[in-house]
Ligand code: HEM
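The data below hold one chain only, encoded as structure tokens and taken in the form predicted on its own.
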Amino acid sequence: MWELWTLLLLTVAYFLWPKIRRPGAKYPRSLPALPLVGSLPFLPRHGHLHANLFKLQEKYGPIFSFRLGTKNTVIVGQHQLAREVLIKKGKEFSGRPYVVTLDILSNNQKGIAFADYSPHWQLHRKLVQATFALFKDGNQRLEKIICQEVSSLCDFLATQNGKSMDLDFPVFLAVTNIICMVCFNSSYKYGDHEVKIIHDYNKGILDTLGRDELVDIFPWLMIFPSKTLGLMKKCVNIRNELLNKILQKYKEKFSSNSITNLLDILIQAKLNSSNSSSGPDQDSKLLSDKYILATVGDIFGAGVETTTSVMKWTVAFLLHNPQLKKKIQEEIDQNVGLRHTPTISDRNRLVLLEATIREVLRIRPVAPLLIPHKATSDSSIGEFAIDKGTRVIINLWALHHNEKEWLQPDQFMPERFLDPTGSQLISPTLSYLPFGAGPRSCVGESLARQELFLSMAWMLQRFDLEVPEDGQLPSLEGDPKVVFLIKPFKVKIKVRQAWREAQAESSA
């Protein structure tokens, strides 16, 4: 019997004991660590993790590490080092670490957001990029799709004239429909049951990802029942069932003569690999329904909640800065007018609006801690050695709030993105990476930027967004999960008198 206990203890020690480092190598300074639990007792327990890690830079420097269980994590909080990780050595740090909750979300690291560096990830990312290329020109271009949905959003908001409301669901519907058009050329209407399903499972997934589960540090805890993991699995199953139903219906009408969206691209790629003269190859296996569903699920997950959140943050900051909102509306009135709706070509004329969006992305980044990277080989960051398999996290919050790079970084100041005359957009520092960079950068950056600009331009042209009658301003503290969410708030919708008069004149 004692032999079995000895074997068990040796096995546990092997998996829980820190791995030997390279002799003579210089590693980033580390937080203290204890056996088994690592640095967990020494990490701040209260407040936002991204802000706490930023504060730790005062003691440990712009790159430091800590250990959770047996896994070393390196935190990078300086833009020069961040660019080295993301761009200069992008391939060496393109891996994704295994995380229990994210593994459930990604159906065992499928898709493109949480998949490890692999032929599958390379293939699917390439196909997603090919999808966005479809929408650059012609009647399908993104701008037209976005404007159609923003127009519907504004028409709905007009029915709420004089009322105070939460913008969450109307904005969510508009952004969801844009993603639906990109993925499978369809959209939803208010009241459609499937929209509520998508909204609810999205909320459930974000809630579970924001709970800092110990199972992500100690995967062996999966043997015990967990309400959080149970909820995650339930939400992912609901998502997969819905997307699978859409996929099976879509297959029935698929035509190789009409490639117009993401599902077309993925299905056609599978057919091409299956019909290859050399016989079915590895690509065919990597394009099974499970892989396709994971990639479509990633586009939904990454494309809907992120843009919805930034739009709500933008409205919130405008409610806190009514004079700024008024100046943006004056800019729209002077440079676009009230008889024509804004287009992407107006971006260089609506520079204050564009600067405001950029400032929102700085002061409240979509993901304050970028999705963790993993070293795919022994490498280095700056002067420090990084072993293969090390988890590397870019603290975007630190980059965007560094006093050496930004004047009064905690203040909301859109003018920092404008030249002294206020007429030209500028890039004040390289310490600004709202969409990441390199091989793992946000594949939908162009879509997101267009959505944010057009949505806010249309809304501010047509409506006055005001503080509700109770005078309750939105909280700007935020709720950091995988996405930096804003706490629910209400805004009073008022159709602008100038808009009314312009429409009356044009119809007379």
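On a predicted model such as this, the values are computed, not experimentally measured, just so you know. A residue's number is simply how far along the shown sequence it sits, counting from 1.
Keep in mind the form predicted together with the named molecule is missing from the figure; the text below concerns it.
Contact annotation: residue 356 falls outside 4.5 Å of the named molecule in the predicted bound form, judged by heavy atom distances. Residue 442 belongs to the set of residues with a heavy atom inside 4.5 Å of the named molecule in the predicted bound form. With a 4.5 Å cutoff on heavy atoms, residue 447 counts as touching the named molecule in the predicted bound form. Mapping the unseen interface onto this chain, residue 406 falls outside it, with no heavy atom inside 4.5 Å of the named molecule in the predicted bound form. For the candidate set 435, 169, 291, 117, a heavy atom within 4.5 Å of the named molecule in the predicted bound form is found for exactly one residue, namely 435. The partner is absent here; in the predicted bound form, the one residue of 332, 198, 99, 361 having a heavy atom within 4.5 Å of the named molecule is 361. With the partner left out here, the named molecule still marks one of 317-325, 145-153, 199-207, 299-307 in the predicted bound form; by a 4.5 Å heavy atom cut-off that stretch is 299-307. Shown without its partner, the chain has 179 as the single residue in segment 166-181 with a non-hydrogen atom within 4.5 angstroms of the named molecule in the predicted bound form.
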